[in-house]
Every structure is written in structure tokens, then in C-alpha cells.
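So this first bit is one chain, no partners, the form predicted alone, shown in C-alpha cells.
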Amino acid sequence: MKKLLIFLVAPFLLWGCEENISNTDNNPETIKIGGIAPLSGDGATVGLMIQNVTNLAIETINNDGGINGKNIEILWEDGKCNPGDSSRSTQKLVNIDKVTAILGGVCSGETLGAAPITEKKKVILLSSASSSPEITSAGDFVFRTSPSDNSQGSILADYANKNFKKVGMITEQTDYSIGIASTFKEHFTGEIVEENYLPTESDFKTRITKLKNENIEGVLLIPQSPAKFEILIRQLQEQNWDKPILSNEIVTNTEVLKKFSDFFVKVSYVGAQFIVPDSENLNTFIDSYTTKFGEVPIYTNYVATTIDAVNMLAKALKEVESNDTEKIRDALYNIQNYEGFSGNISFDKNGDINITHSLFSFDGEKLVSLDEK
């Protein structure tokens, strides 16, 4: 069983849901669940994509007969990538909408803000993207299908240990980014010059200048969102940055990297990412997504982990055949060697998944696994 983290919960506010897949309200022939994601702000690039993937996966399940003849109904709330908004959204979903489970959050802060509430009410909380190491001990009803940043931070540190004696680090002050930074600092044996910034900030020129004057050999960027990464890279480029760059999984979006391909050709770039096995099922889903939403999803890894979260919750619901959340929790724990879109996966005793990160470089066109070089 997990050791619980205690959080202060913000006062409960009410507001409307976002883009819900809904049947008749209070219909006993539906299974009502919640969804929490950043549907606005910097994190919306990822949040809206995960919302679309979730809705499409649920639509597929419902079209195939649902859960023992019942359709899944999902009610969405905007967690805005922070604990406060997520806790208020969770209060609404749990206390007013009476959901059985919540898919989310996306940002680690959203999941950590929701966990004390879902834990107290014994509601399943299943995230497909939150990776803070703190989530491991966030509660006995908390699960995730994305790997912990213990994996991400440690492999970035291993690479840095082989290549640098002194590195700079620019870290956004969010649960997700801080988790990676903490693990990196635990494993890196050299000297670190650390610069931090708040999520509301967007001017990093002074910090970049300070790092340039410190004679570092490389820099680790740990932003929360692709939007912040783009701002960081633009300002590094403007100041003629010429040192190697390391970064985290959220910035392995090749569309952002391609905008600065000339810069990355001159400055070596290495990022951490969970490798998704190529499969016909995943490619078929991506084709369906592209047809339905008019664009290719930007993070294949989060597509895979989100489909797996939906399907594994559906599997547990089918087995239990009731709204008994303790039985649903136990059914999730019992899922082992599940052939999912993200590989052969199992939940451990903390609700964590048995998948890890790998390192990639960017060659100006695509990400290339360092294992394949």
C-alpha cells in the first residue's frame, strides 16, 4: 500500500465542463468518469491532444458495445496545469458529478492536486502523462501509464557524467520539471550551476548571460511545456549560444525542433523520451485521429500511454461489473503483462508502470535514438 502525501486543498468552486462526451444525464445505463487536462494555457498543446485521444478511445469502446453493455460517459474539466485548478476540478467531479474514476491529470501538478481528494473518496485516478516521482507515493487509488521521471532524470545524468564536468540547468518551477531536476542532481557527479524560473516568466536573457559567464560545458533545459521550450531556444539562439543542450521529454516534439533546425545542427541536442514500439494498431489509431481532428498528434508516446490508460481502465471495469472502486483498484493492480500500445506493461505495487525513458538526438529532421548510433 502507498504512503499518502498530504496537500492543502483550495476552496471548492463550480464551473462548467469542457467538451464532454455525454449521454443522457444521470443515465443508469452509462458509466460516468471524469477527465482532467490543461485545456487552456501553455500546457494546452499537450492537454487538448490527450483529450482528443481519450475521447476517440472511449468512442471506440462504446461503438464496440461499451462496458458490459453500458457506454462510458466522460466529463472534462480544465486543470490548467496546476494543483489549485485541478483540485477544484476534482472536487466537482467527485462530489457533484459522482464519477467512478478520473483520467488525468496531464501535468504532474494536476495529478498531485487531485490525488488527496480522490484518495479520500476512494475514486480511481489514472494519468497517462504525469511523471513526477512524487506520484509514486500519492495514494493507493492513483495509477499512471507513463514512466516516472526517476528514469528520465537518471539517464540524462548518466549522459552528462560521460560528457561534462560542469553543467548549467534552467528549470521551470513546476512539479514535473522539479522532479526531473531533483533526480538529475542526485545522479550527476559534476558541478551544477542552477537557474530557476516561475511558470509566468518568459524572459530568460539574464539567466542565459549568467550561465555563459560560468564556463559551463552544457546546459539542461527543463521546461513544463513546448511553448516555454520554444522561448528558451529562441533566446539562446539570439545570444549566440554554442554549448550542447540537454532537455526533457516534453520538448522532443519535432515540430518545435524543426523551427530551429539550423541552430540544432550547430549546437548538439540530446533529449529523453519514452520509446513507443511501432505497431499497426497504433498507426491505425493515429490515422483515425488525423482524419477526425484534421492534424497528426504531436506526441506519439502520449497517444500510446493515453490509449492504454483508457483501455486498462475499461478492462478493470468489465471485470468488476460494478461501481465498487476498491474492486476496480484491485483489478488494476492485477493487470500484468498487458499487451498495450506502449508495449508489454504491468502495474507495480505503487500503481507505476514498468516502462522507462531512452535518449535521442536531433539530426535536423528527426529524432534518432542514441542506442542506434
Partner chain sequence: MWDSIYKLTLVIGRLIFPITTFILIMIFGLEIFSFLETKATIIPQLLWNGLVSGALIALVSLGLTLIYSIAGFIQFAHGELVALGAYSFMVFHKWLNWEILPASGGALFFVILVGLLLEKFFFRPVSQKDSMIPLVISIGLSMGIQSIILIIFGANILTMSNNFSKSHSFFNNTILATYPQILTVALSIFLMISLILFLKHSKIGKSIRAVSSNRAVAETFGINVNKSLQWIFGIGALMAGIAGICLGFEQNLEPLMGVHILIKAFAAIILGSIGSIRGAIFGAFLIGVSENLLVGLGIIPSGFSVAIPFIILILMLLIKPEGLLGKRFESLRQ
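Residue numbers count along the first chain shown, from 1. Quick caveat: nothing in here was measured; it's all calculated off a predicted structure.
Keep in mind that the form predicted together with its partner chain is missing from the display, and what follows is about it.
Asker: Among the candidate stretches 155 to 163, 271 to 279, 238 to 246, 286 to 294, which one is within 4.5 Å of its partner chain in the predicted bound form when only heavy atoms are counted?
Answerer: Single hit among the candidates: 238 to 246.
Asker: Is there any non-hydrogen atom of residue 214 lying within 4.5 Å of its partner chain in the predicted bound form?
Answerer: Residue 214 belongs to the contact set for its partner chain.
Asker: Is residue 205 near its partner chain? Define near as a heavy atom within 4.5 Å, in the predicted bound form.
Answerer: Taking the distances in the predicted bound form, the answer for residue 205 is yes, it comes within 4.5 Å of its partner chain.
Asker: Please run the contact check for residue 195 against its partner chain in the predicted bound form: heavy atoms, 4.5 angstroms, yes or no?
Answerer: Judged by the heavy-atom cut-off of 4.5 Å, residue 195 is in contact with its partner chain in the predicted bound form.
Asker: Applying a 4.5 Å heavy atom distance criterion, does residue 140 contact its partner chain in the predicted bound form?
Answerer: Although its partner chain is absent here, residue 140 would stay clear of it in the predicted bound form, with no heavy atoms inside 4.5 Å.
Asker: State the residue from 323, 45, 60, 311 whose non-hydrogen atoms include one within 4.5 Å of its partner chain in the predicted bound form.
Answerer: The residue from 323, 45, 60, 311 that makes the contact is 45.
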